[in-house]
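Alright, here's a single protein chain in two forms, structure 1 and structure 2, each given by itself as structure tokens.
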Structure 1
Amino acid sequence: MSNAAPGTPAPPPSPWDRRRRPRAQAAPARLPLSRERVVEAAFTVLDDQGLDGLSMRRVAAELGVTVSALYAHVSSKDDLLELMYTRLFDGFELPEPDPKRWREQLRDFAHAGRRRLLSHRDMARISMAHVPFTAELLPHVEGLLAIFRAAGLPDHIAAEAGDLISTYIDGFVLEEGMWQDRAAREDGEEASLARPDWHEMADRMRDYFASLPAEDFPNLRALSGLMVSGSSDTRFDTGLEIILRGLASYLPDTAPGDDAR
């Protein structure tokens, strides 16, 4: 590797001498960036890094582009998150309100909402941080209100019910995600790092509850089975049903417990 002694043969281009940058792959006929492509990339980063790993730099890397390029299409990270939030509910349609089927319609709404929140990691956290009153989301709010009013709910109840049910969905999925994360983290620390095994976590939790002093925590012990195990789906439906029954109680008088179950 002789290069030192006999008169310095080839002066390496000093860093401040910029002739032509080696054009890393400057613009290889890439289809140009766009809002859509940025949001899309953000979703894939979100899905395999989680919200805490979602940085502008990583989104840029995903697109094979520098950070600053993103800011031509998105005005800030918050802006990007808001775009993701509204995009998540793209094409979310609410049915024409049918007074006789309002409960089913709300169940469908809740299930569809939950499914969408579950379709991307940590999405509930993002959703929770936003108020659904952007122009794109207003039709959904309107659709919900339409169902409530068609069902015959008094106005002051209808006005609150939308928030209540949306918050429930968000909150439930958020908690689902937190359990999954926690399971994954503890799993990763111990042995396997790619198996967020849900049941193992549930077992551990039930064991923990069972280990509590019986005289101080009788109810927690008694209900531990129901609280942690049991599919999320049925737990979700149970909570939802409580809300629906509460709403039904404000209806003039349809034989109570009628549509129940």
Structure 2
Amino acid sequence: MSNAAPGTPAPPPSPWDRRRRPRAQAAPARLPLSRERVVEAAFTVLDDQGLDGLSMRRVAAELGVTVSALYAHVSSKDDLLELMYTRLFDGFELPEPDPKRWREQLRDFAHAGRRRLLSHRDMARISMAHVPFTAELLPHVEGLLAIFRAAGLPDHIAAEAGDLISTYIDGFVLEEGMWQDRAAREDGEEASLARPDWHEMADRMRDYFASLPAEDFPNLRALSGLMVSGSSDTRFDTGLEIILRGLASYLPDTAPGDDAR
């Protein structure tokens, strides 16, 4: 409690009571830019904006750097897309060919491929634009051809089968992504990775086919309950099985113990 008369100015602070100026806190150290960080940032932008919204400028903004800083690690947007596609194969290895389990091995390959493409938005579009003939991906192509040839497929079929299966995977996932974006737009929301309500859309399609004039569209009406039935997983497996049975038809004869369904 002060005894100074009212209105008396306060004395200056004593030199012995001077408080030290607070030490300025150092700014957190910025992580050095690297190719890995650029690719991770590109995936973030891709999932948020889609392939049409992916640009070097947006990747740079995500990292808080200038666009020119990116070019020390990637040469172009196409180079970046190739790095993103290659990254999906990290940790993936094909098994040693087993002639008795070749169809099971190809099913596993196809399921893994679909999971890779579904892990990020629009990856099917990126996949379709990039051939896997890089140093990192050629071993996967070699391993897939080994499974075909070990199964006994003729060489001219083995040479085409890998592209056939890969195109099926790309096309199926591309369609899934288009339905996802369409469902999101219809809901008035931004497109996202959330899966659409397939059952609701399938019900609408079934009702439409069933309402067609029977005299003009007897087959659409007859198959209306089957054409859009099942989940995406079921539809993918059915299409894959059609391909595998077609490949099996080129074998000289079915080997004992083959895992044919």
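Just so we're on the same page, residue numbers count up from 1 along structure 1's sequence. Throughout, rigid core stands for the largest set of C-alpha atoms superposing within 1.5 Å between the two forms. Just so it is clear, the model here is predicted, and its values are computed rather than measured.
Peer 1: Pick one: is 1 or 2 the form predicted together with another copy of the chain?
Peer 2: Structure 1 is the matching one, since it is the form predicted together with another copy of the chain.
Peer 1: With both forms fit on the core, is the shift of the CA atom of Phe236 between structures 1 and 2 2 Å or larger?
Peer 2: Where the cores coincide, Phe236 shows only a C-alpha shift between structures 1 and 2 that is less than 2 Å.
Peer 1: C-alpha of Arg221: shift of 2 angstroms or more between structures 1 and 2, rigid core aligned?
Peer 2: Yes, because once the rigid core is superposed, the C-alpha of Arg221 moves 2 Å or more between structures 1 and 2.
Peer 1: For Arg37, decide whether the Cα shift between structures 1 and 2 is 2 Å or greater, given a superposition on the rigid core.
Peer 2: Not so; Arg37 is displaced by less than 2 Å.
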